[in-house]
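Given as structure tokens, the chain that follows is alone and in the form predicted alone.
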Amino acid sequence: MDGLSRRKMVIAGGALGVFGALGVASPARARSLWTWEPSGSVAGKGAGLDPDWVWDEEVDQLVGSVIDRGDVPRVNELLRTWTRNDQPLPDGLPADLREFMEKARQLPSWADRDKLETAAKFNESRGLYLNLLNGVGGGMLSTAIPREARAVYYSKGGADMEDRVAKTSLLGFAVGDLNAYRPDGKVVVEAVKTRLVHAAVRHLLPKSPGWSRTSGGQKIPISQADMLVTWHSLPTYAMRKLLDWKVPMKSAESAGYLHVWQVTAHMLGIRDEYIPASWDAANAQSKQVLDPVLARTREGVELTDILLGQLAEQTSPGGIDRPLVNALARYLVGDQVADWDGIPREPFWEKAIETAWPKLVAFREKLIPLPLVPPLAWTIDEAARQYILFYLTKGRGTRIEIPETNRPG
């Protein structure tokens, strides 16, 4: 570990602190001591350093310099024209940024094109489930992750959640696209841009009084551990739910789905020694880094309410479908996370979804005939499609861009 890492280890101490109160204070839920072995990673080896003390130093220093030099507006304008995996970087970028991006856009040596193609086809055939899980489900999990909720809330994107949802959707749907890692796909572009944004947030957020006051002692946001937590709220969570729903899949499809997210983790700047090599390794790591830190925060509850309100507006202006949205969100993440997120109970719709959704999945997978699917299931099915459409349409016309400021005010 270099000198900067050691310096950060000294100043960035502290576990998760006291969470934002909602009437009463919530006890801190700290991540357990790091014991996950790098032998379970795609690298197969590593130093075994606790990822909570590791960041992305190379790009962090670079983007901090880009911000301090006043280059962000010019860089963002140039990068708006960079939209495909196979497209050359635009002329005019600062030399140091161009050098980094040329290296960062390269796939890891262990990337397997055949597995990536299998994943693309799997994403296409199971798109309804995966988009619902990664969009609505992953969104609800993210607001129950205190560090992530606060990083979002106090950064520039927290002031406009519609725009924040749109930017998040760009990367998520790029990963799930049939062309994801093909030359005409967009994952490489969106992942590299997201890596730059993360570095900018690390540079800017420590200057936010609101974030510093609620960070629980963390001095630099978005550590490697924080990125792993978010990663597990997407593929690891989604695969668990697919298995819970008894969605049939071949071993090659399961392996391919893991692989596309392994490659994406690398492209986002997660070190190979932390990227799980198998689903068993992923589940073990998730239990250590994700499960223990989930908790209630004021910021997370507020963001959840905004997100669910936006989803309800998607299907019915005026939000009359909010009870259905609430119930579906509770079904996707479970009562404990839903309670932390402040999602209201909806007894009628909760019972309806609990009864109808498994039958709807079974029918889609040709496991039961149509007469066994209750009529109300199609209302739920249409709502799910509308929520996915919400995430898809929000991503149109928006761009992932380097911020220069934190949340106004």
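One rule holds for the numbers: they count along the sequence shown, beginning at 1. Predicted model only: the values in this text are computed from it and were never measured.
The following text describes the form predicted in complex with ligand HEM, which does not appear among the structures shown.
Identify the site as open or blocked, taking the pose of ligand HEM in the predicted complex and overlaying it via the site C-alphas; a blocked site has 3 or more ligand atoms within 2.4 Å of a backbone or C-beta atom of the shown form.
-> Pocket open on this form.
Choose one stretch from 331-339, 239-247, 198-206, 286-294: the one whose residues place a heavy atom within 4.5 angstroms of ligand HEM in the predicted complex.
-> Of the stretches listed, the one contacting the partner is 198-206.
Hey, with ligand HEM in the predicted complex, do Arg147, Val152 and Pro403 all fall inside the 4.5 Å heavy atom range?
-> Yes, because Arg147, Val152 and Pro403 each have a heavy atom that approaches ligand HEM to within 4.5 Å in the predicted complex.
Taking 4.5 Å between heavy atoms as the contact cutoff, choose which of Leu324, Ala120, Val136, Leu171 touches ligand HEM in the predicted complex.
-> Looking at Leu324, Ala120, Val136, Leu171 one by one, just Leu171 meets the 4.5 Å heavy-atom criterion.
Quick one: from Thr304, Asn85, Thr230, Asn131, grab the residue that has a heavy atom within 4.5 Å of ligand HEM in the predicted complex.
-> The residue in contact is Thr230.
Considering only heavy atoms, tell me if Asp226 and ligand HEM come within 4.5 Å of each other in the predicted complex.
-> Yes, Asp226 is a contact residue.
Is Gly157 close enough to ligand HEM in the predicted complex to count, meaning some heavy atom within 4.5 Å?
-> Judged by the heavy-atom cut-off of 4.5 Å, Gly157 is in contact with ligand HEM in the predicted complex.
Counting only non-hydrogen atoms and a 4.5 angstroms cut-off, does Thr194 reach ligand HEM in the predicted complex?
-> Although ligand HEM is absent here, Thr194 would touch it in the predicted complex, with heavy atoms inside 4.5 Å.
Should Leu268 be counted as a contact of ligand HEM in the predicted complex, where contact means heavy atoms within 4.5 Å?
-> Leu268: contacts ligand HEM in the predicted complex.
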